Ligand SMILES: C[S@@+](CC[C@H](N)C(=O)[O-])C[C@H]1O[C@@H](n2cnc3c(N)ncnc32)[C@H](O)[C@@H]1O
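What follows is one chain in structure tokens, specifically the form predicted on its own.
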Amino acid sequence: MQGHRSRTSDWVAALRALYTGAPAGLEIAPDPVAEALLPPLLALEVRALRRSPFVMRLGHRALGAVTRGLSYGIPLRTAAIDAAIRAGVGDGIRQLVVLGAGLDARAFRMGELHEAHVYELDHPLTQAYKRERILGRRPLARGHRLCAIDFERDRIGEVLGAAGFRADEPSFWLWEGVTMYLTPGAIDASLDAIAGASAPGSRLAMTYSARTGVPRWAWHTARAIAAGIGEPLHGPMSSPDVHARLGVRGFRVRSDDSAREWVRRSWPASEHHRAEAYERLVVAERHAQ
């Protein structure tokens, strides 16, 4: 099968590992599994930065300066998404679908999922690598399935159905850090598939690149970083456009915010000015039609 394993997922997991055990105030979404999922050299670099609180704070500032705040968004959005998932599980949702899962480890680190079944969908090469790195770890979730999928050829509903997913029961869909790499047509096709497999009461947490609120230089930085790792970004979307796309598919928006709001909820006041609104997180719920 054509394609390659996502390198973006390595970078995201590395930042989650870096901020696990971070100095007081910076550790907001501990991920003790992330380091084990990293390629050896990258894991070594993370451990080097994490060897003392002083070095960690230097690394925190240096990465933020080099990426112009982009690196801060990863731990912040992780915490925001974790909170949304906890709320969904608290309201009785027992299925979590992670689209483009990469090296996501929520099934192995979130005790709140102990009654939930987690389905991770991603490219076969990414999942083959992940199977090797999991090293027999037992998930905290009640059930955990790695579902290989070619998003350009396979149908999401069919792949999930074969794995035991129940389309007639509420589910929580997580689409994190993916839409900015897709064309509008691919986004619409995926939203159609999500809606088609979402019972009333299901929720979708989706990140997207914002059209407003991001300085021009910040976009140039994000595009350069993405192009440098061979995963170029497509254009941003406006919030009204995203909300309209969700609305026509039966989803009502519950919240829509960015790192500028996440940082105020999670990090000390001294860090608030560092966050840039590269991404937004929209959480929506499907209603009966």
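From 1 onward, residues are counted along the sequence shown. Keep in mind it's a predicted model, so treat the numbers as computed, not measured.
The same protein also exists as the form predicted together with this ligand; that form is not shown, yet it is the one meant from here on.
Interface residue among F108, Y129, F151, F165, judged by heavy atoms within 4.5 Å of this ligand in the predicted bound form: F151. In the predicted bound form, at least one heavy atom of R16 sits within 4.5 Å of this ligand. Taking the partner from elsewhere, V12 is found to have a heavy atom lying within 4.5 Å of this ligand in the predicted bound form. A residue is said to contact a partner when one of its heavy atoms sits within 4.5 Å of a partner heavy atom; R203 fails this definition for this ligand in the predicted bound form, lying far away. Shown alone here, L76 lies farther than 4.5 Å from this ligand in the predicted bound form, counting heavy atoms only. Look at 89-97, 132-140, 151-159, 109-117: in the predicted bound form, residues with non-hydrogen atoms within 4.5 angstroms of this ligand sit in 151-159.
Heavy atoms closer than or equal to 4.5 Å to this ligand in the predicted bound form belong, across 161-182, to the residues E176, G177, V178, Y181, L182, ordered by sequence position.
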